[in-house]
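The form predicted on its own is given below as one chain in structure tokens.
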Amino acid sequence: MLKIALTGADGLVGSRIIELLKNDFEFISLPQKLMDITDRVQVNSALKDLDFDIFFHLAAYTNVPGAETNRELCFKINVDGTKNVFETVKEKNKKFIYVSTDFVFDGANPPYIEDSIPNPVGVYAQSKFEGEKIIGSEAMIVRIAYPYRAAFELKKDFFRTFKYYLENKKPLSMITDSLMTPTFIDDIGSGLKYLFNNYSPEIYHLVGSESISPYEAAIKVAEIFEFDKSLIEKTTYEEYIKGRAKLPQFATIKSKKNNFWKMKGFEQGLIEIKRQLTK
């Protein structure tokens, strides 16, 4: 059984991946209290005698608006932290997978595939792309986009935020003239099962099969879970980003390499989540 050492095991994506794949791989979690990735000495100490086949680096500073005012911390975690773990793993001659984001693209000329040229806007996006540059072609980079899942106490994803508002009869103001690519985390897990077993040092996109506007996404949530659609109001991209961190406007990301797992569209993902929640 392959041994996967990983950071971010207790996060939104990592915790679900372990739930889904715990019978297929031996996961070795390296939480912050055991290994602060921003401290090279700690990283060396934690990994020096650790036996693993693949290092899966998921931990990151992911607060997009927060990054604009905490640039130093964001870069310390996403750039310095990535450099520390990658260089240490490389010294051990072990395989490495870096999880990145659709935000490395500016959203101006979609669709974006694995060999599209990144042009990040915003501090978070820049930090993730700097991480990609550290990895280069020496290891695997897996880009994901707008991950969502049925349940996770510690952090709301965009889907559960929409659901929370609608459940509680609170109005939502949603963008009509931009695109996002929602990705069901269970599909990310299934795609990673293949990639762990068929490792290759290149870029892969594990992303949902359709891109929709945030407004359409909220409407789908209302339809599938039978909430009041009249709570969902329309706004424009320009209105929404006033005074906020800039987001890629047309974040249509696709994969030309994923011929190993069929990724769901948003409606299919919601139907599966509804099934999981009513089991």
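For every residue, the number given is its place in the sequence shown, counted from 1. Model, not experiment: these values are computed from the prediction.
This protein has a second form, the form predicted in complex with a small molecule, left out of what is shown; the following refers to that one.
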Problem set entry | Complete contact of 10, 38 and 147 with the small molecule in the predicted bound form (any heavy atom, 4.5 Å) | yes
Problem set entry | Residue among 100, 181, 84, 178 with a heavy atom within 4.5 Å of the small molecule in the predicted bound form | 100
For this session: Quick one: from 123, 192, 141, 77, grab the residue that has a heavy atom within 4.5 Å of the small molecule in the predicted bound form.
Result: 77
Problem set entry | Candidate stretches 244-252, 57-65, 225-233, 211-219, one within 4.5 Å of the small molecule in the predicted bound form by heavy atom | 57-65
Problem set entry | Partner contact for residue 69 in the predicted bound form: the small molecule, 4.5 angstroms, heavy atom | no
Problem set entry | Non-hydrogen atom contact residue 265 with the small molecule in the predicted bound form at 4.5 angstroms | no
Problem set entry | Contact test in the predicted bound form: residue 170 vs the small molecule, heavy atoms, 4.5 Å | no
For this session: Check whether residue 92 has any heavy atom within 4.5 Å of a heavy atom of the small molecule in the predicted bound form, and answer yes or no.
Result: no
